[in-house]
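Shown next as structure tokens: one chain only, the form predicted alone.
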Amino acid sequence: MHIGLVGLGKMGGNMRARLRNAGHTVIGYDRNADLSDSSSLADMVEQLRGLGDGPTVVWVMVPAGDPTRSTIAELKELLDEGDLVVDGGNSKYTDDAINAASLGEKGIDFVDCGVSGGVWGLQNGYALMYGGTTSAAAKVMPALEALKPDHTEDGLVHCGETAGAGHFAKMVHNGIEYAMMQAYAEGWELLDKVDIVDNVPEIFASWRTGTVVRSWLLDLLVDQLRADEHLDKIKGYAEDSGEGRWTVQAAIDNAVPMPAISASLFARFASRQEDDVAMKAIAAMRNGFGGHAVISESEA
């Protein structure tokens, strides 16, 4: 098939390569002219129209929020009835209904697609979670089939007919990812701290075969620990992409208890504090009821 791809960074660039390797024609656009196959969104759409008579399909892989919203708004003015926009970025699922309705005013179809696979997707394929009507998804199905992992029926799922279903599923996926990483991290910290065990990297490596905690995340952690056993070269600071926050908010909205995922999100917030502000109050209370010593700022 012929497809436009907007955003050719680490994910988008590898997706373009995987699609081309599968025999599809990809016209990419990126603000970085060195990466781009076209000079503008308008030029990309014009090139796509010159390739065939079918609907024009454009896949958007830009940062969530305003960059995605503005890109889709511009595509709305460039595309025609029957064309399709796929949002494959990490957009909040609530944005999808708005974008779908806006594009629908011109008869342009919309599919939202959560994409997981990171920088390894080119080699291993991507897990794809898409939402939208079956008829809209059919227009991009050859690309979805090319991007999914090879030699398996898994990795590609229609999450629902409602716009936002795919991004909602990907949001929950990322929330689970937060909790899994937090559990591995806490276990590593304890093992690394005690004197009773030796060779922590190989302990983690031994868990990769035959145990119930084996995973790709564990494989990645083992690689890092073997290169830097105590992770001395890495600062204990972690950002969040936003999807962990959205997952917790959705849990609150739906009264679903999520103690592990919410705790893993708050742990990332704590990592950004040079001083644990809340612990000042705890230290003050301990001093008040038990006379426990406090450390002054000048002593810290």
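Start at 1 and count along the sequence shown; that's the residue number. Note that the coordinates shown come from a computational prediction; the quantities given were computed from them, not determined experimentally. C-alpha atoms forming the largest set that superposes within 1.5 Å between two forms make up the rigid core.
Keep in mind that the form predicted together with a further copy of the same chain is missing from the display, and what follows is about it.
- From the list 22-30, 231-239, 48-56, 35-43, the contact stretch for a further copy of the same chain in the model of the complex under a 4.5 Å heavy atom rule is 231-239.
- Proximity of Gly4, Ala73 and Glu145 to a further copy of the same chain in the model of the complex is absent: no residue of the three has a non-hydrogen atom within 4.5 angstroms.
- For Ala169, a non-hydrogen atom is located within 4.5 Å of a further copy of the same chain in the model of the complex, even though that partner is not displayed.
- Within this chain, Ala17 is remote from the site of a further copy of the same chain in the model of the complex, having no heavy atom within 4.5 Å.
- Contact between Gly104 and a further copy of the same chain in the model of the complex is not found at the 4.5 Å heavy atom cutoff.
- For Glu202, a non-hydrogen atom is located within 4.5 Å of a further copy of the same chain in the model of the complex, even though that partner is not displayed.
- In the model of the complex, Val115, Ser116, Gly117, Gly118, Val119, Trp120, Ala127, Met129 are the residues of 112-131 with at least one heavy atom within 4.5 Å of a further copy of the same chain, listed from first to last.
- Annotation: Cα of Ala22 displaced by less than 2 Å between this form and the one not shown, core superposition.
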